[in-house]
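A single chain, nothing else alongside it, follows as structure tokens in the form predicted on its own.
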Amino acid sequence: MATLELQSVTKRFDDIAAVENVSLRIEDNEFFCIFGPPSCGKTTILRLLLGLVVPDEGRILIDGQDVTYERPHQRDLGMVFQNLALFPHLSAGENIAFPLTERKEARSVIKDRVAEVAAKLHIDHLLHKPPAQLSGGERQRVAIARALVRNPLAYLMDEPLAALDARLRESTRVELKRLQRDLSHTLIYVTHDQEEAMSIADRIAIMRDGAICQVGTPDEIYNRPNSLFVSQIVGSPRINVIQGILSNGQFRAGNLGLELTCNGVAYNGAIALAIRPEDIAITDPGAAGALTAEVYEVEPLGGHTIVDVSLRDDILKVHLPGQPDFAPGQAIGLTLDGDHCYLFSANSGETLRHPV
């Protein structure tokens, strides 16, 4: 169990800052997720924590001890790589046992520890098989077991589910959450999948271009984003954004014929108004206060439906429960509540107001 901390850490590769002035504290026994688009610096942070690369500036601490220049084997961290990195000439059991074998642990200790971890991951019946005879999900569990077997201070995982199909990813991330809770260890998980990040993390760090944009619980990130970028990167379907002008509490998007009262912000000028798809209502065409629109496309998803709506030159997404009966080209009315909208500066992207 451990607390890990980066203090004003910067890492450059030639003239590119992969990580720039990042300060981050991961608490003991926390399931912490680092989330962002590809090439934003997520994996570099893991490599810095592991000691595979040394920062150009700043410090790295584990349980308050400065380990900035310590080698990987001195940090006692377990790692699950994206490509899993299993040894093809060893059986699953031998792969799991490898960290203990390298440390010359007693055979009885190795046997007991491998059996214990394999049972937790439900792969005890696979220990005799080589990786080539295992499915993708089974190989992934073997890689996780290899990290768990030596009881390190913390576990680091670099998109270990990326190669799995959607159904297997869903079941495995539930298992990971349960494992972390049972093991009571710090776990740092890197992903570019917002659904993974939101469903398993205690807290999330949102990254962009090597910098931390926001750190918070999934609820805080979703409901109180600190920028337009964060609001757009979290949520499925993606949040709707409409450009316009705010003046004396009145928002106008002239090209759409949209006017909304937006209370709670003393700002005048160009803004981006954003509203979640679940906060837009579809009504009958011509209903009082409704915008005239038409159905562009319908995406039935079983328990819910995404309706793409054409509002003049813009396409907005509306999230509705069940399987409503809409058809492309159908005339509809569209209702937006100004109190349910986020307001962002059109220039900086910073949040001006969360929904009331």
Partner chain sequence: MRPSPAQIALRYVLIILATAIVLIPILWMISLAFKPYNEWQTAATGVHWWPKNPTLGNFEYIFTGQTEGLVVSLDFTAVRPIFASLLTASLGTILAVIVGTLGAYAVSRFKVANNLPLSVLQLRLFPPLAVMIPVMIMWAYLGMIDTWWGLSLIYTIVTLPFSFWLMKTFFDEVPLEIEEAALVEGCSRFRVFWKVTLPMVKAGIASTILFVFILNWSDYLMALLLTRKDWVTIPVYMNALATAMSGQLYGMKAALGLIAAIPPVILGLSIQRYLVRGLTFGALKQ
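As the structure is a computational prediction, the values presented were derived from the model and not from experiment. Each form is matched to the other, and the largest set of C-alpha atoms that superpose within 1.5 Å is called the rigid core. Residue numbers count along the first chain shown, from 1.
Here the subject shifts to the form predicted in complex with the partner chain, a form of this protein not shown in this document.
Student: Would you point out which of 182-190, 209-217, 146-154, 235-243 contains residues with a non-hydrogen atom within 4.5 Å of the partner chain in the predicted complex?
Tutor: Partner-contacting stretch among the options: 146-154.
Student: Quick check on this chain: which one of 298, 287, 315, 50 has a heavy atom within 4.5 Å of the partner chain in the predicted complex?
Tutor: The residue from 298, 287, 315, 50 that makes the contact is 50.
Student: Within 4.5 Å of the partner chain in the predicted complex, heavy atoms considered, which of 106, 85, 119, 266?
Tutor: The residue in contact is 85.
Student: Closest heavy atom of residue 139 to the partner chain in the predicted complex, within 4.5 Å or not?
Tutor: Heavy-atom contact with the partner chain at 4.5 Å: present for residue 139.
Student: Indicate whether the partner chain has at least one heavy atom within 4.5 Å of a heavy atom of residue 77 in the predicted complex.
Tutor: Result yes; residue 77 sits at the interface with the partner chain in the predicted complex.
Student: Check whether residue 222 has any heavy atom within 4.5 Å of a heavy atom of the partner chain in the predicted complex, and answer yes or no.
Tutor: Although the partner chain is absent here, residue 222 would stay clear of it in the predicted complex, with no heavy atoms inside 4.5 Å.
Student: Are any of the heavy atoms in residue 162 no more than 4.5 Å from a heavy atom of the partner chain in the predicted complex?
Tutor: Within the cut-off, so yes.
Student: Just give me the residues of 87-109, first to last, that have a heavy atom within 4.5 Å of the partner chain in the predicted complex.
Tutor: Residues within 4.5 Å: 87, 88, 89, 98, 99, 102, 103.
Student: Please determine whether the C-alpha atom of residue 88 is displaced by 2 Å or more between this form and the one not shown following superposition on the rigid core.
Tutor: Yes, its C-alpha moves 2 Å or more.
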